[in-house]
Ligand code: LLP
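To begin, one chain is listed below as structure tokens, in the form predicted alone.
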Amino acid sequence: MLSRKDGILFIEGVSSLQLAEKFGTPLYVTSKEQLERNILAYREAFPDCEILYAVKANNNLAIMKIIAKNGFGADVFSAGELYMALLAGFPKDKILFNGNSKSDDEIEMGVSACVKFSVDSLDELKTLDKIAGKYDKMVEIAFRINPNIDPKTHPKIATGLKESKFGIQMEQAIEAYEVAMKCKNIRPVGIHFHIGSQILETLPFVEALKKIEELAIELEKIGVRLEFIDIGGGLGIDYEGKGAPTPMDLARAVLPVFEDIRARLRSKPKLWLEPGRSIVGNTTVLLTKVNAVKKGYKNFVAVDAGFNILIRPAMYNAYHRVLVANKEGEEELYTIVGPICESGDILAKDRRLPRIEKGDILVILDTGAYGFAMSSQYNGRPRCAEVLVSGEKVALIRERESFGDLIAKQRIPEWI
């Protein structure tokens, strides 16, 4: 994906400097080759499983369309994500509507679209049954189960602990399925859990799956015919250059355990999983231009991308590697900061980089997951453009916002 030619960083066959000049900065650049390589890695690791792409990681329609064309389903967390998933071409029967706080309107949209639901509470179940009855439809569901597993990741993205807001506690699961079986318009067909994000060990996935085994056996005893067990997503990527488990590593860890569970079940469910970050994370870089270099308490490099464009460093203290597009070698220690009026607007701390000057282009790596998807217009800054690179071909896949976009939905009352 990345290479140097005469000292200039290239993304596939295209100069990063030319991209910055043509499309402006900040700019997200995605490699189609890397995206397809990641898709193939999951296909090879889990050939007989249903793979649902976690749309929350990156909801660009062009990227989603590539993933959908490769036979993946979609894990969606809102009506907006459902809308985009359908528009991108994901089949309805391969979409799971997840979420812990779905509104009645969102549930109605999911029922109308004939997708499966991951149900997070009995209140949601009752609402879903009522709305499905209104449309005279039978809705297939899984309950999201909280297995109380520590995924050993950042607390803000650990979702399978007992104190998490997500899912139904294990000890309440049988009762929940019994209630579902009495509903006129609900058919329970699966078990779902998701323990967290950016997980760098495979053991937590195995531990969570083992916890589900006895639940699956008990569910069959009360008459539930399981069609799938969904182990969620969360596989981490190598942000720091220290290594990370691959899809094949995950498969080698969980598939033997799953097959042992499946052997004990009459219904022979299929394994589902929901990768997001590990599909798109390393496909994309963020190009940002240096506005100023200031020597003070530290050597501060002020760039035109801040946490309005990439919030992960500020929100999670996340680490992203940084390169200079037109220079190599390590000369000085720099801290990269953005233009936002917040002290926490720091993209990278204490990095050894070539001597940086105003006008240089920096390249922030591994920004394809939770990059643009979590961006905002804070401080009155329009969101940036996105481009897709394939070999020497370049396509604009999201236009840069204008000042008009900042006020597009605003209205001033006549009585002001």
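Remember, it's a predicted structure, so these values are computed and weren't measured experimentally. Throughout, we count residues from 1 along the sequence that is shown.
Heads up, the form predicted in complex with the ligand isn't pictured, but that's what we're talking about next.
Might residue 56 be said to contact the ligand in the model of the complex, defining contact as any heavy atom within 4.5 Å?
Residue-level check for residue 56: yes, a contact with the ligand.
So in the model of the complex, does any heavy atom of residue 116 sit within 4.5 Å of the ligand?
It does not: once the ligand is placed as it appears in the model of the complex, residue 116 has no heavy atom within 4.5 Å of it.
Residue 276: touches the ligand in the model of the complex, heavy atom cutoff 4.5 angstroms
Yes, residue 276 lies within 4.5 Å of the ligand in the model of the complex.
Would residue 198 show up as a contact with the ligand in the model of the complex if we use heavy atoms at 4.5 Å?
Heavy-atom contact with the ligand at 4.5 Å: present for residue 198.
Going by heavy atom distances of 4.5 angstroms or less, which of 234, 338, 110, 167 would be at the interface with the ligand in the model of the complex?
Of the listed residues, the single hit is 234.
Can you pick out, from 300, 83, 316, 135, the residue that has a heavy atom within 4.5 Å of the ligand in the model of the complex?
For this set of options, the contacting one is 316.
Heavy atoms within 4.5 Å of the ligand in the model of the complex: which stretch in 351-359, 375-383, 29-37, 48-56 meets that?
In short, 48-56.
Heavy atom within 4.5 Å of the ligand in the model of the complex - qualifying residues of 108-136
Result: empty, none.
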